[in-house]
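Only one chain is shown below, in structure tokens, and it's the form predicted alone.
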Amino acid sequence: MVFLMINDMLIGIAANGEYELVYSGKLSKENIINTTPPALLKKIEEFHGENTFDDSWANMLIHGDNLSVLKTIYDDQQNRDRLMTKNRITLIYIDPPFATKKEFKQQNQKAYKDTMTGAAFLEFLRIRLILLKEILADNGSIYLHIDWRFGHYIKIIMDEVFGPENFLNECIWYYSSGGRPETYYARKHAALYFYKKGKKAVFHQHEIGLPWGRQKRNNMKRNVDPDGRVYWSINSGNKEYTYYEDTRLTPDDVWDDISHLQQKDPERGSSGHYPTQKPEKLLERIIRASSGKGDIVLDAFAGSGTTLAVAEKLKRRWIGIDTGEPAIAAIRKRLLSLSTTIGTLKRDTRTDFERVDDFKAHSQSTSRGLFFIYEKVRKGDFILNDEFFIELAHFIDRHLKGDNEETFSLIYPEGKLKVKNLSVRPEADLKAGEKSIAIGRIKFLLSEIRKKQEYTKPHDLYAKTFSIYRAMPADKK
């Protein structure tokens, strides 16, 4: 075997092409399975709601070391399967520490330490990956979320544990938030290593497919079938490929359509601003693709509970494990106030100008000027009444030369026009102005600044059916 030294680790390459990452403290699979102690799961709280399953299953939130909990699940699957997980955990998603050498806080309280690095960090993940593979269903898959620091090493370890032939994708989640360094390129992505366990894994392409749409691609031709449906076609070799506008295509492995959570994003509020929280839209894609309703989704580094929240909303069964007290408290709070919406509630971020239906027309019209009257009128400190328009018209008339009719644009907050005596008439024929007021030779084209749309919070789901457990050493009663 040939060894390549990288940092303090070796990559061993055998004559047959097999390779292995070699480092101090690396245990055999047999050693890990035989010597890892299981945990005793003590139920400390349970909640009953209407989102129950046909059997006696209740979702599980477990507070404790995930290694001992995973061993408990493994042992249970080898015996009586009392936890009802054998060959039913279809999807595992983990977002472990990234070896950042940082300590993360939640509301001035320590959330978790991410100070382990080097060979110790790799073995920390590897022993958990071995047990995760063992408890995964035969048609299951795993997504491991990691960044640039140790991703290249983790990829080798996942090849070892799951087999390089079971590697499916390195999905790149690209986001644009954060700072911009001046001495190197901005690091704006994380990787998700996607592996299956066996020959075939659950993958619901129809659940995550994106519509083809009306966009022309490459040298395709636009056609219309006898039913009037538009489709695109192209000949490649002896085969014709046809795509209708509503054909749903599997997303690429670069995900640039899911935003990173901002610090003040409303989605963070449900979990108490937990650090390193991931957006629900990210987990929605993964859970929809790689599990079905009723399947078990497991997250061994549950953190803010995003995986569990989305799994709940998509009617999956779930198991979440975390060693941190702040994480368990945040998840508990989040699950008990869960709404039906996945992701951040939509907010109206349009500017004042964007909420004027014909603002561009006002700007390009032949009017002599534009009055944009907003803040004081909105607050009620200034009233758009008869006296205002008469005084403004007389002022303009005194300062304009000639006797020709002159037109001015005037934009104001919706519902704030308080004219009683002047004639206000609709201006359907004008490019700018929904209404108009004429005073002598001065004519005002009027348009409203629409109010921001109020998006009401969806009706909350009923109380969830789940139990909270504390993982204790198995020798304690």
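In this text, residue numbers run from 1 along the sequence as written. All figures in this text were calculated on a predicted structure; none of them were measured in a lab.
Same protein, other form: the form predicted together with a small molecule, not shown, and the subject of what follows.
message = Please pick out the stretch from 317-325, 288-296, 393-401, 155-163 that is in contact with the small molecule in the predicted bound form, where contact means heavy atoms within 4.5 Å.
response = Careful reading of the contacts points to 317-325.
ask   = Counting only non-hydrogen atoms and a 4.5 angstroms cut-off, does S304 reach the small molecule in the predicted bound form?
value = Yes, S304 lies within 4.5 Å of the small molecule in the predicted bound form.
request  = State yes or no: in the predicted bound form, is some non-hydrogen atom of L132 no more than 4.5 angstroms from a non-hydrogen atom of the small molecule?
outcome  = Contact with the small molecule, no.
inquiry  = Would you classify P38 as touching the small molecule in the predicted bound form, given a 4.5 Å non-hydrogen atom cut-off?
reply    = Judged by the heavy-atom cut-off of 4.5 Å, P38 is well away from the small molecule in the predicted bound form.
key: Contact test in the predicted bound form: G64 vs the small molecule, heavy atoms, 4.5 Å   = Yes.
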